[in-house]
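Okay, so here's just one chain, in structure tokens, the form predicted alone.
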Amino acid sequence: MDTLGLLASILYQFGTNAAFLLLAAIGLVVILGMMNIINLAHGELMMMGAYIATIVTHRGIPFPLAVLLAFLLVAMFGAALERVIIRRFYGHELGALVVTWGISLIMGQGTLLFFGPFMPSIGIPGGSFSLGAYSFATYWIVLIGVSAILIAALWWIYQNTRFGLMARATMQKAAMAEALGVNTDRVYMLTFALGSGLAGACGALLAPTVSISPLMGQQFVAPAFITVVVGGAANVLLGAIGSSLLLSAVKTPVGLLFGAFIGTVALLLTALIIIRLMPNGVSFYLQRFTERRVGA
């Protein structure tokens, strides 16, 4: 029995499942976790990034530059969206939910009308390698590293930059931040643009692994919301990491034993149980544990 290959396969599946959850959720972490905007157009922003990367890659642009271009263009689109529509629904969560759902329908159907039902996919970069009887895609190893880098970069931005300080102040107490001279309108716009750009970049990163179609964003919405909600609002970045690792730890063994569909069902059931038992989210308990360790 190829024990080493089996262990490597389990670790690989665990890492890819966690990376997928993080990449699907990272843009929503910013918009929902920090702005409290229920953005049902999140999947379509990822779809937009995937389409941009696919189109420019087929025209000869190197894939890393295509991902960067997707980030910039979707961030600009998000900034315009925030200025024209989203800003009118701050403090009105139900209204934001309905309007972003409408935006998602317009984006999906508009893409279908303009580009048709399908687009040729991008080949998965990097090839693969084998360990015993098991084969592993190099690109997914890269995505695991990229997801960790994106989370670390977000943490650094919000903890060590002037924008991060103003953003945290605005999200915690907008009136007080404005009284201290913070341009909260600009902070809201930049935050929504950042979340949108990250969604676009992650959609571009995942484009080689999925079929490119106008409705592809729907496959990212449920994992993204589950990851963010299970993670909780006490510390959205820590929560996203904790929930993605926890949910992956459930989905991986169940999926290997009983198939991918049963693994997804197990993930959903686990999310329901966690929300019932830990309504404040994983991050609340992780933060309390960290504070106790520091205090000790």
Partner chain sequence: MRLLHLVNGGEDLGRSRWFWIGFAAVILALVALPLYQTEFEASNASYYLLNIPLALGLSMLWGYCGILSFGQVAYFGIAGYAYGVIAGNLTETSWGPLVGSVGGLLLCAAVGAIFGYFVFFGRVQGWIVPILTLVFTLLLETFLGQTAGYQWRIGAVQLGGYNGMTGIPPFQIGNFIFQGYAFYFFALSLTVAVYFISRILMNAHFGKIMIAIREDVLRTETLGYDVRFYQLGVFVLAAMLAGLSGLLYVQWGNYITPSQVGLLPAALPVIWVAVGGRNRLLAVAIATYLLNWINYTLSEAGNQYAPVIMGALLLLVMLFFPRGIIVAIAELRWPWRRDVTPVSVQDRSA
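A quick note: this is a predicted structure, and the numbers were derived from the prediction, not measured. Residue numbers count along the first chain shown, from 1.
Beyond what is shown, the protein has a form predicted together with its partner chain; the following relates to that form.
- Put simply, Ala148 is far from its partner chain in the model of the complex: not one heavy atom of it is within 4.5 Å.
- By the criterion of a heavy atom within 4.5 Å, Leu113 is counted among the residues contacting its partner chain in the model of the complex.
- In the model of the complex, its partner chain sits beyond 4.5 Å of every heavy atom of Leu11.
- The shortest heavy atom separation between Leu94 and its partner chain in the model of the complex is within 4.5 Å.
- Scanning Ile226, Ala193, Leu73, Leu143 against its partner chain in the model of the complex with a 4.5 Å heavy atom cut-off leaves one residue, Ile226.
- Residue Ala222 is the only one of Leu131, Ala80, Ile157, Ala222 with a heavy atom lying within 4.5 Å of its partner chain in the model of the complex.
- Only one segment in the set 238 to 246, 65 to 73, 50 to 58, 32 to 40 has residues whose heavy atoms sit within 4.5 Å of its partner chain in the model of the complex; it is 32 to 40.
- The partner is not shown here, but in the model of the complex the stretch 81 to 105 reaches within 4.5 angstroms of its partner chain through a heavy atom at Ile85, Arg88, Phe89, Glu93, Leu94, Gly95, Leu97, Val98, Val99, Trp101, Gly102, Ile103, Leu105.
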